[in-house]
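What follows is a single chain, given as structure tokens, in the form predicted alone.
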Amino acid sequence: MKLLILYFSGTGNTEYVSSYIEDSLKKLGLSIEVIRVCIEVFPPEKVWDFDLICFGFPIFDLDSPEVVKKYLERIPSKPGELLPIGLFMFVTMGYSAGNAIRRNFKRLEKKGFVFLGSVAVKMPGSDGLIMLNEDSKYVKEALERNYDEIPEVDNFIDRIKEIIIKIKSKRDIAQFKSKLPLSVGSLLISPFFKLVYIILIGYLKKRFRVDENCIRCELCVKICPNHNISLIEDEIIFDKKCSLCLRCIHQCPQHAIQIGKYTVNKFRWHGPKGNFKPLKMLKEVY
């Protein structure tokens, strides 16, 4: 049996949870092959090489980031001779997941996937962190939190273990289909929330710039998931394809990328353990 942990991570939170799930599953001794890889290097048609998929992404606009939506569109429908794939979903969020899990599974449901369970994990919001001083209370709490134990993820892993054991007994995966989570409150506020997001995102994207600390190392160019950043005639150029994942800002070694004046001399986040390296992640080709 083969299980794929497939994820997108802008600033390290989702990557960390994906690693937490991988390590926990391997410690269970279930005699299954576990592969973990980010969507930026994994061909979408290859998902059908697996029996189970654990798919993760950060919440953005009570949904998934644009790069995730486009990836889901590229996943082909189930080849006729194959069985449906069981799909688990995990999301990381600063405040609320809304109905993001439901929305994103609906994008896959007709392609031949069976929903088996999900978890929403509250993590430090990297969007808010770039506006805060290093000595702020929220930053200190984010840095001092114990990330070695995530109870809600442990419960999620128990669910995965349960399904794996049952599938190994040759039982039909459709029997274990879970009910999709639904937030009625999110349905009511979503239109207003989306309007605010559109206005805010448009405002912020126009204010990306590099300051005098930029050394033209081109790390931002290499790690942008939307290929939105270029070095042209020794000048860093931000195009219009930004999805505000904030990876470039948090990863810049010189803290040279700014959103107007809001992020100058503010905190930068490198994942829960401070070791998120997207360039390394992007080289781990399946």
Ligand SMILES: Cc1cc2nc3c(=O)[nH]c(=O)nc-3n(C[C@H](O)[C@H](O)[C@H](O)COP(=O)(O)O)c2cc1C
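Note that the coordinates shown come from a computational prediction; the quantities given were computed from them, not determined experimentally. Note that residue numbering follows the sequence shown and begins at 1.
Unshown form predicted in complex with the ligand; subsequent notes refer to it.
Student: Would you kindly say which of 38, 252, 47, 244 lies with a heavy atom within 4.5 Å of the ligand in the predicted complex?
Tutor: Exactly one listed residue reaches within 4.5 Å, namely 244.
Student: Which of these residues, 59, 219, 229, 52, gets a heavy atom within 4.5 Å of the ligand in the predicted complex?
Tutor: None of the others qualify; the residue that does is 59.
Student: Is there any non-hydrogen atom of residue 10 lying within 4.5 Å of the ligand in the predicted complex?
Tutor: Output for residue 10 is yes: heavy atoms within 4.5 Å of the ligand.
Student: Given that the partner is absent here, does residue 94 sit within 4.5 Å of the ligand in the predicted complex, heavy atoms only?
Tutor: Residue 94 belongs to the contact set for the ligand.
Student: Would you classify residue 197 as touching the ligand in the predicted complex, given a 4.5 Å non-hydrogen atom cut-off?
Tutor: Flag for residue 197 set to yes.
Student: Although the partner isn't part of this model, could you tell me whether residue 181 comes within 4.5 Å of the ligand in the predicted complex, counting any heavy atom of the residue?
Tutor: Judged by the heavy-atom cut-off of 4.5 Å, residue 181 is well away from the ligand in the predicted complex.
Student: If we take heavy atoms and a 4.5 Å cut-off, which stretch out of 23 to 31, 253 to 261, 59 to 67, 221 to 229 is in contact with the ligand in the predicted complex?
Tutor: Among the candidates, contact is made by 59 to 67.
Student: Since the partner is left out here, which residues of 107 to 145 would have a heavy atom within 4.5 Å of the ligand in the predicted complex?
Tutor: Those in contact are 123, 124, 125, 126, 127.
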